[in-house]
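Coming up is one lone chain in structure tokens, specifically the form predicted alone.
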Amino acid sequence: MATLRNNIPEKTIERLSEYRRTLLMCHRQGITHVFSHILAGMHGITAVQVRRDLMLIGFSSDTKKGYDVKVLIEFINDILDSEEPMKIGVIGMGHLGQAITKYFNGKGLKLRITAAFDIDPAKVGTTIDDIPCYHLDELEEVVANDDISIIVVSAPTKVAAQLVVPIINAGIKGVLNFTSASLNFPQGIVVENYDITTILEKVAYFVKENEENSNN
């Protein structure tokens, strides 16, 4: 069982999630062992980084065949997953919110989107991809009744800031924000601001730089 849970760097947590997805794919293909340099190559990093990450969480392997895929999956599960499935709500069921829900709930993780929230009368009271959609005014009640811990914000950017207080009042512990507005919450609420525009502009910048360098 894993023993090191505290003070794991954020980037290491991200890589552990990525390693697990790769290991699950390997497991489905019948691959029983994988070397650190193979795992590293599949993620565009060094074998030293893979070994450092796994050492940091207390995982070691003495086998000369590489890491046991099934054992390493279970070890990472113990680090990343809570004992009980964690429930998630989505605010904003436009195209992005529906896409997130449809994509995420098919992954078989110990995380499950169980409720959606919107203010559109055409959506409220309906079921979208098997997820009930409630009016935003019902946020506190539904969060309490369904024991929802995390909120995904995929509402229009112009209303994103107005959602901060309702989310705090509902007792949410974590927020994944997909709008381009950076949302700030009090200490104790974990927030990840995922600005697609900024990320795409970063990619575009490096594409531009590479093109300019190749032409020089």
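Numbers for residues come from their place in the sequence shown, where the first is 1. All values derive from a computational prediction rather than experimental measurement.
Although it is not shown, the form predicted together with another copy of the chain is what the next lines describe.
Report the stretch among 136 to 144, 67 to 75, 118 to 126, 91 to 99 that approaches another copy of the chain in the predicted complex to within 4.5 Å, counting heavy atoms only. Single hit among the candidates: 91 to 99.
Quick one: does residue 173 come within 4.5 Å of another copy of the chain in the predicted complex, counting heavy atoms only? Close contact exists here: in the predicted complex, residue 173 approaches another copy of the chain to within 4.5 Å, heavy atoms only.
Does the 4.5 Å heavy atom contact test between residue 41 and another copy of the chain in the predicted complex come out positive? Yes, residue 41 lies within 4.5 Å of another copy of the chain in the predicted complex.
Looking at the partner-bound form in the predicted complex, is residue 61 within 4.5 Å of another copy of the chain by any heavy atom? Residue 61 lies outside the contact set for another copy of the chain.
Considering only heavy atoms, tell me if residue 157 and another copy of the chain come within 4.5 Å of each other in the predicted complex. So residue 157 counts as contacting another copy of the chain.
162, 184, 29, 169: which sits within 4.5 Å of another copy of the chain in the predicted complex by any heavy atom? Looking at 162, 184, 29, 169 one by one, just 184 meets the 4.5 Å heavy-atom criterion.
Considering only 10 to 32, what residues come within 4.5 Å of another copy of the chain in the predicted complex, judged by heavy atoms? Those in contact are 10, 13, 14, 17, 18, 20, 21.
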